[in-house]
Structures are given as C-alpha cells and as structure tokens.
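Single chain ahead, by itself, as structure tokens, in the form predicted on its own.
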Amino acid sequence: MSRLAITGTSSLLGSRLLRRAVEARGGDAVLALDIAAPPATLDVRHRELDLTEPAADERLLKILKEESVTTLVHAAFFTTPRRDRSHSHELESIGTLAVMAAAAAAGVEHVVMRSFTAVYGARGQNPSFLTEDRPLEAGARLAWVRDKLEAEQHASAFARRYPDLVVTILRVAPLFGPGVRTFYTRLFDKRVVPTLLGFDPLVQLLHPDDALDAFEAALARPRAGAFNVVPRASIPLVAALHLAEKVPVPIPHPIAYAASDALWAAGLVEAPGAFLDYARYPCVADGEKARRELGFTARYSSRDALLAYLRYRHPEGVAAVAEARA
C-alpha cells in the first residue's frame, strides 16, 4: 500500500493536515512523522522522527522505504521566532535537507513543503502584489526568515537534481483563525498595540481552513514550483486593529526598532525588532498562480480570518462589536 507521510504533525497546521488526511484516506494509508505521537483516538500510523538528529536522513530513508511512502508533506517549521537559533536552524534548514535527501533516495514521487510569504521580505520597493518569480530576500536580517529561505533553496536544488521528484512549495500567508496561537495573533489579544508612525501597510491573514484546502489542492494536482497561498483580500493593518477594538499607539520607527530589540534581548517580547519591517512595508503576495495551476481559491478574506479568530479567542465583547462593524 502506498502511503502519504506528514512531518511536523505536532504543529497546528500539521496536526490538522493529518486529521484531514486520515478522514479522507483512512488511518493505515497515512503516516505521522514527528517526535510526539498523534492522539491515540486518531488511530493513525506513527514513526518517531527527530529532524535535528545527525543521522535523521538515514533514519527517514529507512522509514520511507519500509512504509512505502509515495507522497510526503513537509510541515515541520516554526511559526514563531525561537531564541534558540541553532535548534531552529537544525530543524528547518538542515532538517529540510535531510527530508529532501531521504525522499529522493527512497523514490518518493511528490513532496509538498510548507513555506511562508515572509520569505519575500517586507521592503519599500516591493510591488503591490508579489508573484512567485519575485527574488526572495537574500541576506534576510531575521534568522526566522533565513532558515526558511535556506529550506526553500534545498528543496529547489533537489527538484533540479531529481526531475522525477515533483516538489511543490506552498508559501502560506500568516495564519489567523480558530486555534491559531502565534506572535501575530497575540498582538490582537492586547488592548494597546504599538504601530509605526506614518506607516499602515496592507496585511494578509489566512484562515487555517484555506491553508488546508491549498494543501489538498496541491496533493490532488502535483505541480512543481512555488505557489502563494493567500486570502481573498488584504486589509490595512490599522483597519484590522480598529476592527478588533484595539488602540493603536503610533511610535517613530527609529525608537520602535531600538525598543523592540532591547525588549527581545530582555525576553519581554516574542519577536526581534526586524519584524517591524512587516508593520512598515508591504509584503502582499499574489495568489493567481495557485488558482490557475492548483485550482485553489481562498474562501475567506483577511477580514473574515480576523473575525473568526476574534470569535474563537474573545467570544464576548470585542467579537460582537467587530461583527457589528463588519
């Protein structure tokens, strides 16, 4: 029996992908690859795998052959910056190298890898919509972005070296919706939110159900290359804060960057100052290629995803006001 294997099944997106796959294919046709086992009630095959171990590629190669895996979804990535940079680098960059090497050696036919629209970088010279042929942010200041860039580079290199291996890279916009807990969503749990004086970029907030639909579309239509997975419409950052009944406090950007770095060093905030680039400059990806080649179109807009998160996280008060405004 050929099987679908999924790495990173402890993550929110990975766990939901696993559940959907089991519902569609049955537990015996799906394999969870992670350090932690999935819930016993899911009744799915599980093999323990730590992608930060030195011999992870050899172990994964053995697993893929033993389990007759033909399709692999690689979702083992951090959605929130980590202070242990070496661990993040080992998991995301070196771990992806191990995944691709094992998949190629085992004769896997199709790899679908999660990536992030953040790899384009937030820059003043960005166009209104970033297409997949746009150069990525080489030399990114953020280690969180650099590791994901390197992961994409490893995946693309193996795709070129092994033409029979179809590698699909899904660049997913920031997730926003029920169950999502990242440093992005936690900003909307605060009453007062600092913003950058004079800047109000468009942002894209993707409902997790749309992300799942995109992975299903990619599995159903194997296509090589990178694809942006984005919501139906963007929303200005300040408008999103007002919709959520937050109080934006504009701060001059030189002060904001320095303060954020100091607070990050002190362990008081969840992201370093370089992340403020995404609250200063546009980073809006275009979803036309995914619609055309994968048949994927998001069901929810950024506003819809934000309201879904507010209903989940703040079921009374702010969610009711936001609904009324919408």
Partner chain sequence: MSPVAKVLPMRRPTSEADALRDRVRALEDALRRAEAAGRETAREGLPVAVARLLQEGLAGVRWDSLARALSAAYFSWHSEEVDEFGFDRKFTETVRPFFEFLYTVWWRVEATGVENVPATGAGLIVANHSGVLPYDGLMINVAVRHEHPARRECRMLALDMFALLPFLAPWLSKSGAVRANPENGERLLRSGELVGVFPEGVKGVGKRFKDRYRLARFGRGGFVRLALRTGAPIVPCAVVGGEEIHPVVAKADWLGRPLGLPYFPITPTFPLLGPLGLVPLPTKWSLDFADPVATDGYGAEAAEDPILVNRLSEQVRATVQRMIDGRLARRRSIWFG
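Numbering follows the first chain given and starts at 1. Everything numeric in this text was worked out from a predicted model, so none of it was measured.
The same protein also exists as the form predicted in complex with the partner chain; that form is not shown, yet it is the one meant from here on.
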For this session: Indicate whether the partner chain has at least one heavy atom within 4.5 Å of a heavy atom of residue 243 in the model of the complex.
Result: yes
Exercise. Given that the partner is absent here, does residue 286 sit within 4.5 Å of the partner chain in the model of the complex, heavy atoms only?
Worked result: yes
Exercise. If you check in the model of the complex, is residue 200 within 4.5 Å of the partner chain, heavy atoms only?
Worked result: yes
Problem set entry | Contact of residue 117 with the partner chain in the model of the complex (heavy atom, 4.5 Å) | no
For this session: Heavy atom within 4.5 Å of the partner chain in the model of the complex: which of 238, 256, 187, 136 fits that? Just give me the one.
Result: 238
Problem set entry | Option touching the partner chain, based on a heavy atom within 4.5 Å in the model of the complex, out of 107, 127, 178, 225 | 127
Exercise. Heavy atoms within 4.5 Å of the partner chain in the model of the complex: which of the stretches 68-76, 192-200, 143-151, 211-219 has them?
Worked result: 192-200
